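Below, in structure tokens: the form predicted on its own, a single chain.
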Amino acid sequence: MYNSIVKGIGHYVPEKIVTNDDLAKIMDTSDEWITERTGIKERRYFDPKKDTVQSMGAEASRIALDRAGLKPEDVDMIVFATLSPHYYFPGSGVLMQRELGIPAGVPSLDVRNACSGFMYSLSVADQFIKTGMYKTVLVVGSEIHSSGLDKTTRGRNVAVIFGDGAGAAVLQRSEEKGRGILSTHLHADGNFAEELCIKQPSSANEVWMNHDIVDHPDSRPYMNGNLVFKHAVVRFLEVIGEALKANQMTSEDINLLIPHQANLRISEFVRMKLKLAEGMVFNNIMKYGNTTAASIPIALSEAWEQGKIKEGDTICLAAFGSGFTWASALIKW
């Protein structure tokens, strides 16, 4: 059995910074209101003239590949996580493949598991490597949310949370024991599917798309914030505990926890329950908001750049989101 090591990591965020005060100019909100409820101070919005989901993913991937000492032609497979694809079909992974110049014939798999998307993608890539099918897998999370948000007072509870960005990780086969991805853990509960979703457009309609559907509130994101919060804090702790138990570890063995950047209050609650020191949980939601599938790879990349991840460290990744879905991974760096 092979191991998967994180050979390189990278991220890209658009240049445009949108502060809470900027949002307060177009909807009934304030910096204090947003910060108190989410911890977010600003987020990035894409440039329609240059940024796409695949181009942002490609930028993050170039950095990750360069840090891994690899080239696009070294990639054996792409796993691309997004809930904001460039086209309804085909998936954005093949568009990024074309943009990076990854050779024809290399498989590309798109994953639509929202906030847990990168974790699901990481697990899929890990299994392909562990079975020996592929040597090098490029795992990407990339999102453009800003173009789909209801930026009015009606939509403020969701609109203030989300931002745009991309992150990428290069996984590579290794025979070194006790290093790399130690385990991954995936879960879902479809009973709560409508508590965090966009319902329209839908293939269940007699007509998939018309003006009435475009103008309907169901074509904008809906979130039952209180319910999501209550489930998130429980599932985060469960799935982190599951990863630790599977590897005969405790929270004291974690050098750094990188949670999905959903809400600073959730991260703080989890940190205190696990009795981790402040510096042992990495948060950047203050700068970027919630970038769903991109949030963990962006945070992982920033943590590595800041010297918070060193060789031999035990890194725990965990996510919770729409579906409901939740997941974790334990990595020996």
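All residue numbers refer to positions in the sequence shown, first residue = 1. Predicted model only: the values in this text are computed from it and were never measured.
Although it is not shown, the form predicted together with a small molecule is what the next lines describe.
Only one of 170-178, 99-107, 224-232, 140-148 lies within 4.5 Å of the small molecule in the predicted complex by heavy atoms, and it is 224-232. The three marked residues, 80, 124 and 329, fail to reach the small molecule in the predicted complex, with no heavy atom of any inside 4.5 Å.
The partner is absent here; in the predicted complex, the one residue of 84, 263, 136, 184 having a heavy atom within 4.5 Å of the small molecule is 263. For the candidate set 273, 308, 62, 37, a heavy atom within 4.5 Å of the small molecule in the predicted complex is found for exactly one residue, namely 37. Taking non-hydrogen atoms only, residue 115 approaches the small molecule to within 4.5 angstroms in the predicted complex. Although the partner is absent here, residue 28 lies within 4.5 Å of the small molecule in the predicted complex, judged by heavy atoms. In the predicted complex, residue 269 stays away from the small molecule, with no heavy atom inside 4.5 Å. Remark: residue 258 does not count among the residues lining the small molecule in the predicted complex, judged by a heavy atom distance of 4.5 Å or less.
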